[in-house]
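First, one chain by itself: the form predicted on its own, in structure tokens.
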Amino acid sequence: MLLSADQIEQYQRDGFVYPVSVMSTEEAVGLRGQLEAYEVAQGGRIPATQRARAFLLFKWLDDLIRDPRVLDPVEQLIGPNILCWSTIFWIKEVGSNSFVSWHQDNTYWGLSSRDVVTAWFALSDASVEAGCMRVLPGSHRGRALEHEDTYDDDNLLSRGQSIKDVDESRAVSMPLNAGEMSLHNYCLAHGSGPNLTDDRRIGVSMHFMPPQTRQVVGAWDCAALVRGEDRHGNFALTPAPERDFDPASMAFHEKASKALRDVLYAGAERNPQRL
């Protein structure tokens, strides 16, 4: 599962690498089944309030952010001490117009480090037709690009934040099969189109950072220590749920979700509370 020297060089140069094999399709389908079984049991799609930091709610997701098959290549990029700041479900329903506008995550996450790595894991096939992620190679280097908030109802981003001018002729698509992940620097410009297939496109992003990172926008923030040690103490460490919807972890999730919203909507003209 380790990255090759060429893949590490590509990540440093272009800001991304894909596909990285994590598990078999069958194992990924099993994780998808656990998510969809919960949706069936509670009578509908996972609510917006549970899209982010759901590793505090689902034990299988907490296990995933600690899985060596995920963390070993991440360690090659940011070192042996790793915090997971958040996870986010990205679900595009069949026949929906859902999309993700071109954006850079570092512009609104309030994190001090440029070494944050997003691992985007496919629970279902994420083909070009299904609206897989697209990236602009090398855009993680240099200054942040200018964004504007659009608040488009079909945009899965919290504020519909969008880069004003994008040369899409440079874009690279990153299709994934279920059980694979891509890795990209969170300063990299990326986005994705609608799902044009007859199956849901389901993925989860996991956001990893070195412990010396600080939260510079919010007054309080948290993260899961998933490998190594944290000698800096810049984030409150999250509890690991012993089972799905563990009461202690659920209470922490409520506080963690509010803190995340406070960061994402800092300075926004509107607060539609999408996360």
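Numbering starts at 1 and runs along the sequence shown. Bear in mind the structure is a predicted one, so any value in this text is a computation, not a measurement.
Another form exists, predicted together with a small molecule; not displayed. Remarks below refer to it.
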Legend entry - Three-residue site Arg53, Trp85 and Arg227 fully in contact with the small molecule in the predicted bound form at 4.5 Å by heavy atom: no
Inset, instruction - Please run the contact check for Asp105 against the small molecule in the predicted bound form: heavy atoms, 4.5 angstroms, yes or no? - result: yes
Inset, instruction - Determine whether any heavy atom of Leu71 comes within 4.5 Å of a heavy atom of the small molecule in the predicted bound form, and answer yes or no. - result: no
Inset, instruction - Would you check, heavy atoms only and a 4.5 Å threshold, whether His184 touches the small molecule in the predicted bound form? - result: yes
Inset, instruction - Would you please decide whether Ser205 lies within 4.5 angstroms of the small molecule in the predicted bound form, comparing each non-hydrogen atom pair? - result: yes
Inset, instruction - Find the only residue in Ser192, Ser139, Ser158, Ser124 having a heavy atom within 4.5 Å of the small molecule in the predicted bound form. - result: Ser192
Legend entry - One stretch from 143-151, 71-79, 165-173, 89-97 that, in the predicted bound form, holds residues within 4.5 Å of the small molecule by heavy atom: 89-97
